[in-house]
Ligand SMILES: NC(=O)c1ccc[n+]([C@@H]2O[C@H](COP(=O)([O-])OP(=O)(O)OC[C@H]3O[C@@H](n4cnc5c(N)ncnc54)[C@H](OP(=O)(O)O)[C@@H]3O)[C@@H](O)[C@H]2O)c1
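Next up is one chain by itself, shown in structure tokens, the form predicted on its own.
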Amino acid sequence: MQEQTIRVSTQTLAEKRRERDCSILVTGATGFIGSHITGALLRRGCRVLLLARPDKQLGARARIAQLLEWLGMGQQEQTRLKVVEAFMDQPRLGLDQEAYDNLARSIDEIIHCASNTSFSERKRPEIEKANIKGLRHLLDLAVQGRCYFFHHVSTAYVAGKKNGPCREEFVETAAFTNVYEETKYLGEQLLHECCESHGIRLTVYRPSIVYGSSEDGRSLHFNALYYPLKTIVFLKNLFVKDIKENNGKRAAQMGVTMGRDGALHLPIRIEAGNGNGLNLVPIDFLVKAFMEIMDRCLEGGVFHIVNQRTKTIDELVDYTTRYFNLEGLQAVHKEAFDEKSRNDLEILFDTYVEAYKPYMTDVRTFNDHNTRSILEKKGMQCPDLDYEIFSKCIGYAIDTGWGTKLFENQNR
């Protein structure tokens, strides 16, 4: 970006940040990453505007209030918050012209976390609407107003189908594992071109697979890492009930047995490929890394927020069998996995986790030189998902019914 085209100098930006003299718009604040970033901004005293839409049960402001309570935000912190009910898939965000113009004039920086994270090809129209069309409308707002910095939460997997290292730079690719990767890639291209043309500084944050807090296991979303585990729990409960109530007829058909010690034998081989395992980052590390990069990198850039140590499928299978008192689960590498010999239980399991299998056999690695150059100065390093953290996260998932009971205590 040429110096004469930018909307604000780094000196002015640093001063406005230091004096908290800027208004930050956050999208996706009712989501997993967006809610935690919102909490971090409010705790440090920032003025925050949130774009939110109502759902079938609650209005936009009620949804935000519910999440802020879950995050433990106090009333004092919330005085610096304003909620704008808006619809990103609509022109002018669904606002009348006056409200839209006022919003555009009030924004200094934008943090864009809103995204449709589905992998399903049959949902392509709604995924494109959220990840591309909604982004276009947000960029229209940024261009029309005074916004001088755009922070975009993307994904490390915009690299698409690739073997080996992926760099912290804008990539050129045309092959993707799913529509989510594709639309996030196209969104980055759109952002890069628009921000460069209009003098808006741009930072792209690319996390890998995000799970719950490494400190207490709390989470708002239970997909990605959680979904295959949820499937295992579903199968376990199904067959335990069958053994206890129906003499195990259905279990026997699937080769499922229960030992005297209560351990359930589930004969499931999980293809691990010859990949590097899953690249997993806890939400608490992601938010700390995000805030540190935002503070330190005033010029903009591309940053991979990833784990230096991937977690192999073998390790995750070991954690799962220990936690749920299971036997029979095996991580099988590509050369030893014969798909023709799959049993009925393996076929059933694969049906549930099909969308996640490319990540379970992934060979992509992520260069994070830009990120480490900032985080290492503060001694920040991504925690390894050890058995203790795994147990906290899965325990919380089960206690909350995999998200179905998250807000029960708040609503009583």
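All residue numbers refer to positions in the sequence shown, first residue = 1. Bear in mind that the values here come from a model prediction, so they are computed numbers and not experimental data.
There is another form of this protein, the form predicted in complex with the ligand, and it is not shown here; the text below is about that form.
> Just checking whether residue 89 would be counted as a contact of the ligand in the predicted complex - the rule being heavy atoms within 4.5 angstroms.
Yes.
> Give a yes/no on whether residue 53 approaches the ligand to within 4.5 Å in the predicted complex, heavy atoms considered.
Because a heavy atom of residue 53 falls inside 4.5 Å of the ligand in the predicted complex, the answer is yes.
> Please run the contact check for residue 359 against the ligand in the predicted complex: heavy atoms, 4.5 angstroms, yes or no?
No, residue 359 is distant from the partner.
> Against the ligand in the predicted complex, would residue 82 count as a contact residue? Criterion: heavy atoms within 4.5 Å.
Heavy-atom contact with the ligand at 4.5 Å: absent for residue 82.
> Report the stretch among 309-317, 167-175, 331-339, 207-215 that approaches the ligand in the predicted complex to within 4.5 Å, counting heavy atoms only.
This holds for exactly one stretch, 207-215.
> Which of 147, 289, 153, 195 has a heavy atom within 4.5 Å of the ligand in the predicted complex?
So the residue touching the ligand in the predicted complex, by this definition, is 153.
> Kindly confirm or deny that 297, 370 and 375 each have some heavy atom within 4.5 angstroms of the ligand in the predicted complex.
Zero of three within 4.5 Å in the predicted complex.
> Using a 4.5 Å cut-off on any heavy atom, which residues of 30-65 would contact the ligand in the predicted complex?
Contacts from 30-65: 30, 31, 32, 33, 34, 53, 63.
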